[in-house]
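The chain that follows stands alone, in the form predicted on its own, written as structure tokens.
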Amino acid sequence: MRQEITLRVKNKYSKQYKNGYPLIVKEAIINGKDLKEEGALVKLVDEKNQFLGKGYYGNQNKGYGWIVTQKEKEDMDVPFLKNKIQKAMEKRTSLMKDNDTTAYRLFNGEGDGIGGFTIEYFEGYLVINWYSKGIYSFKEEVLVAISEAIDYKGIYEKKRFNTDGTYVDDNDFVTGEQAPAPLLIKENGVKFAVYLNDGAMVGIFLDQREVRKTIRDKYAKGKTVLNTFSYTGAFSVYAALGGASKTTSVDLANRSLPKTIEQFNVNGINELTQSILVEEVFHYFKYAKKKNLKFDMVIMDPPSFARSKKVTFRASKDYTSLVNDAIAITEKNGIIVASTNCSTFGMDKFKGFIDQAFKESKHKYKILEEFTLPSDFATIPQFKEGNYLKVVFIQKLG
């Protein structure tokens, strides 16, 4: 029997919880010291003891846990979890029927009603991401709910509940049959090799699916493309398949070279026709400026925070400088694809960074397209920070 704790909410926060805000933030709670063991059920009430919602205690960098229902008599049990998962699947019916895309986000935390974990689908296999020990304590109930709601081949998990959100290294296989390594998935007809039991990252970030498709279908043909912070080269693969004359992929991680070669190869692209560099992106920008290299398209999708021996990058402080670097090596009328997954600022502020960079460089520009999360990364209006992805296609005019 799980312990249930009543948490009292300060008056100035009670309205947002009445309106459906799901995150239990530390500064909103009067008696946070009553929380002891993660996984405990919690009931939120205002200072007049009026019911606000029910959820669980799961300590992570964002807060104390999540509200999962505003119905006082609803319990966080297997039927409840199964219902949430089934409703999430109903939202993704078109994706589930799409033979050209066999990898997507099947359940997206608070966007689908239960913050703290996600489920991703990879060609019949599931990967559960757990973001706190609190939600992980519901593992058995979640697995039962999944088995009753989803037809799957096997399940893997990623434990990301260190308080800073980092991955807890462990064997990730949970149940069912084990996936081949690599497992080949499709996205918009493009193939990717993924590894479900090989650490925190499987080989592709699913939230950029629509951006990659746009690059392939509308912008790549005949263009020279620079893909910075390239990871396993997904943007480069799409650009090459879209008819780019040449792609250059730059990433500091040593494994980016063999991983990018593999992604080219599974799509029938000879990596020798492309350029793959293991190098710090900021150093490469300096090199490109010195050599007067110019590209028709520059793609930038940096982590929110990155540190190398010589450079520390914070998206919230340094993105303007990054856009300045890109402007300097982009051809006139060329395209800059600026992307960030930093959740601490919104699209307007992000476009402000871009505008500032163009003002500083004395170049004019035109915004061609904007993207946020695709529909399978479901979000709710009450939790705007959940819609973290911001991508802007910019044309450098002169």
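As the structure is a computational prediction, the values presented were derived from the model and not from experiment. In this text, residue numbers run from 1 along the sequence as written.
This protein has a second form, the form predicted in complex with a small molecule, left out of what is shown; the following refers to that one.
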Segment that reaches the small molecule in the model of the complex - one of 127-135, 295-303, 148-156, 108-116, heavy atoms within 4.5 Å: 295-303
Work out which of L252, A328, M76, L241 lies within 4.5 Å of the small molecule in the model of the complex, going by heavy atoms. L252
Scan A288, V281, L95, M89 and let me know which has any heavy atom within 4.5 Å of the small molecule in the model of the complex. V281
Heavy atoms within 4.5 Å of the small molecule in the model of the complex: does T260 have any? no
With a 4.5 Å heavy atom cut-off, would you call F205 a contact of the small molecule in the model of the complex? yes
Are any of the heavy atoms in F229 no more than 4.5 Å from a heavy atom of the small molecule in the model of the complex? yes
